[in-house]
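We begin with a single chain expressed as C-alpha cells, specifically the form predicted alone.
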C-alpha cells in the first residue's frame, strides 16, 4: 500500500469518527515542467511541485469539502474534521444517496514512464528550439507560438465504502501555432502531439506540419452562401463528437440543460456512426482502470449505429436516476469537485478513404480543424470555419475565409453519410474523417 493511500485512509477514518455518513479522500503528489514559446523565442520555463489532499464528507445528505496542501496524517485528519463540520452546516441534498461500492478493474499497463518522468526543462527547451527551426525551414518569416512540457505523479483515493486505490501516471506533449503574415494575407495553423510514454511521442515534425498548413491557408477567399456537403478532418470530427458526448453527461440531462435530455436509447445520428469508449488501452492518453470515484471503467459503445446507448454518470447522478454508476466520474485534482468525464474515444472507421469521400463531391467544403460544437443546452451550431478549403470537382482547392456554418446537432449527426477508413491515431484514440451530406454555410462570397 502506498504512503498516499495511507494518508487518504487516515482522512476517511477521521471523517467517520467525526460522524460522516459517507466520505472519500483524494490526495496527489505531482510535478509539472513546462516551456513556452512566444514570437519564436523561449519566454518562460517552470517546474511546479504540487501536493495536496481533499476530503468530501456527507452528513444527512449535506456535503462538506475541505482541502489542504500538505500530505501528512495530521493534516489529513484535520481536513476530514473540517469537511464533516461543513457537511453538518450544509443544506441537505435530497438527491444524494450514497458513494459507490468498491469494484474490480483490469490493470492498465504503461501509464507511467520512468524516462518521461525524468525529463527536465532543458529537454523541452531543445524541443521548442527544434520546432522553431523546423517552422523557419519551411518559411523564414514564420512566427511560432506554443510550447512543450511533461507532468507526472501519484494519486490515491479512499472512501468509507471501502474504495482503496492508488496509481501513477505521466504524460508529455508539445504544440505549436504557426503564423505566416505576408502583407494583409495571414495563414495560421496549429499542430500537437501528446503521449504517456516516450516511445509514442513524435517530437520532430510537429512545427513543420503546422508551418506547411499555415502556408496552405494563405490566399483564402470567401465562398458562395449555399447548402453544401461538408467533410470534417480528424481533428474537426473529434471536436464535433466530443461536444456531442459532452451533452450526454447526466448532470446536464437531469437539470434539463442538455439537448440530449430524454433521448437515451434513441437514434440521435446516422447509422454510419458508431462511437466506442476504450478506457483500458495500454498507454492511452485518457486510459484509466477506475474513474474519479473508484468505479471500474469498462469498454462500451456510447453511440451504436446512431443510437445513444447511455448517459454518462458519476455516483450522484446515477443513484439519483436509480441506475448504477457508469464509470464516468471525473476528478481534475485534489482541489476540484467531482464531475463527469469520458476516457478514450474511438470512432469506428468506414469503407472509403478521406480522399475518396472528397472525390465524390462536386462543390463542398473541407474543414481541417474547427470548433463545430453544438451548444450543450440547445444543440444549436453557429461558428466560423477557420481552417477550411473549398472542394471543387472532387479536389480541395482554395482556402476559405469569413465562412459561417449554421445548423443543429441533430441535423449534423443525421446527415452524416460516410466515415473514412483512414484515420489519425493518437494513443488510445482513433480519429477518422467524416462527411456530412448537406450543411448551410454563409459567406461574403
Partner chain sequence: MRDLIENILHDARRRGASFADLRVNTGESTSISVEDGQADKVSSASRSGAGLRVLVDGAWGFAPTNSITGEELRRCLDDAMSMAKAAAGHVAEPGVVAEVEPVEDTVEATAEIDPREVPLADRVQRIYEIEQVARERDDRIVNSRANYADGVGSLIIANTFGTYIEQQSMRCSVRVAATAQSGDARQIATESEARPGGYEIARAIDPDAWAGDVADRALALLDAVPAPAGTFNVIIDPRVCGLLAHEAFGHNAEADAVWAGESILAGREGQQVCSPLVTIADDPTLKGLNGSFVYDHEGVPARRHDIVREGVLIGYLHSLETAARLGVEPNGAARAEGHQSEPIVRMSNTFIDAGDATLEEMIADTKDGLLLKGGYWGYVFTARGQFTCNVENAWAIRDGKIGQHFRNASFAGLTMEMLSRVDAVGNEISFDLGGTCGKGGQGMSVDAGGPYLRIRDVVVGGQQQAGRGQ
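Take the two forms, superpose them, and find the largest set of C-alpha atoms that agree within 1.5 Å; that set is the rigid core. Positions refer to the first chain, counted from 1. Note that this is a predicted model, so its numbers are computed, not measured.
Keep in mind the form predicted in complex with its partner chain is missing from the figure; the text below concerns it.
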(request) Report yes if all three of 159, 359 and 364 come within 4.5 Å of its partner chain in the model of the complex by some heavy atom, otherwise no. (result) no
(message) I need the one stretch from 343 to 351, 201 to 209, 322 to 330, 174 to 182 whose residues put non-hydrogen atoms within 4.5 angstroms of its partner chain in the model of the complex.
(response) 174 to 182
(request) Report whether the minimum heavy atom distance between residue 94 and its partner chain in the model of the complex is within 4.5 Å. (result) yes
(request) Consider residue 317 of the chain shown here, and say whether it contacts its partner chain in the model of the complex, taking contact as heavy atoms within 4.5 Å. (result) no
(message) Quick check on residue 90: any heavy atom within 4.5 Å of its partner chain in the model of the complex?
(response) yes
(message) Against its partner chain in the model of the complex, would residue 441 count as a contact residue? Criterion: heavy atoms within 4.5 Å.
(response) yes
(request) Name the single residue among 145, 166, 130, 270 that comes within 4.5 Å of its partner chain in the model of the complex, judging by heavy atoms. (result) 145
(request) Heavy atom within 4.5 Å of its partner chain in the model of the complex: which of 188, 103, 288, 310 fits that? Just give me the one. (result) 188
(request) Would you give me the residues of 251 to 280 that have any heavy atom within 4.5 Å of its partner chain in the model of the complex, in order from first to last? (result) 255, 256, 257, 258, 259, 261
(message) Superposed on the rigid core, does the Cα of residue 228 end up 2 angstroms or more away between the shown form and the other one?
(response) no
(request) Inspect the rigid-core superposition and answer whether the C-alpha of residue 276 shifts by 2 angstroms or more between the shown form and the other one. (result) no
(request) Spell out whether the Cα of residue 79 moves at least 2 Å between the shown form and the other one when the two forms are superposed on their rigid core. (result) yes
